[in-house]
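The form predicted on its own is given below as one chain in structure tokens.
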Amino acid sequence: MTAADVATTSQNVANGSELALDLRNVHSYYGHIHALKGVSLTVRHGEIVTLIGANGAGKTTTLRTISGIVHPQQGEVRLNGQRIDHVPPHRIVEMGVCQSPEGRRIFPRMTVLENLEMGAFARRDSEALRREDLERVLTLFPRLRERLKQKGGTLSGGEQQMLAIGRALMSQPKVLLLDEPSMGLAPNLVETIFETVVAINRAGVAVLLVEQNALMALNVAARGYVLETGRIVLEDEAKALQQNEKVQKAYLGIE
């Protein structure tokens, strides 16, 4: 099955599903800087949604607001209908939202195994269940299995990205937030990462994807939003956005 086929399947599954994630008129600030200006977006269960935009548009701030790192001064963030916009970040992880951040942010002096175990810090279930999830992550990323005792900081960029995503998956997320997963990676590794995102979604995890490679993001997503200077200026099915003249010129490099 191709990425495009999976995106179509994601859209079909999502139609009629309840919302996993729902942002309503969200305004977020950094000091006096008005970073998000009334952002509204949704992610349904079983769906990949992408958020594209130029540097500084507010994409990372949107993810940080969902994760509870930034608290909105106005608006609501809901997970499965429950407000989480003033819930502490660790509690949001426990509720089922986890972020793989821009720049990976792994623990460089910890081993690969220790990094992955840190991803499960908020879980209160059994060691056996955590080991089962560890096995699933290592099956998804075979390279990590080969490097379990290796320090995270000695991994290649691609391997660190795998580790960052694997660490997030160890929290058993219902919604996975991915911030620039392909940044700085060689083209062959970019393809591998996107294939992995599709596989994660097929396993039942809703994904909100922020990605500089807009074409790849739109290829795997069911729907997309375009963010400019803190405002959503376009939203549509991913295929429609690929055909949009403004999106083509601004983000796909098509004249």
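Since this is a predicted model, take the numbers as computed values, not measurements. Residues carry their position along the shown sequence, with the first being 1.
What comes next is about the form predicted in complex with a small molecule, which does not appear here.
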Worksheet entry | the small molecule: the contacting residue among E117, E76, E102, D133 in the predicted bound form [heavy atom, 4.5 Å] | E102
Item to complete: Just give me the single entry in N219, Q212, T192, S40 that has a non-hydrogen atom within 4.5 angstroms of the small molecule in the predicted bound form.
Response: Q212
Discussion item. Taking any heavy atom pair closer than or equal to 4.5 Å as contact, tell me whether T60 reaches the small molecule in the predicted bound form.
Written reply: yes
Worksheet item: For I69, is any heavy atom within 4.5 Å of the small molecule in the predicted bound form, or not?
Response: no
Worksheet item: If you check in the predicted bound form, is E159 within 4.5 Å of the small molecule, heavy atoms only?
Response: no
Worksheet item: Does at least one non-hydrogen atom of D85 fall within 4.5 angstroms of the small molecule in the predicted bound form?
Response: no
Worksheet entry | Which of 27 to 35, 40 to 48, 184 to 192, 198 to 206 sits within 4.5 Å of the small molecule in the predicted bound form, heavy atom basis | 27 to 35
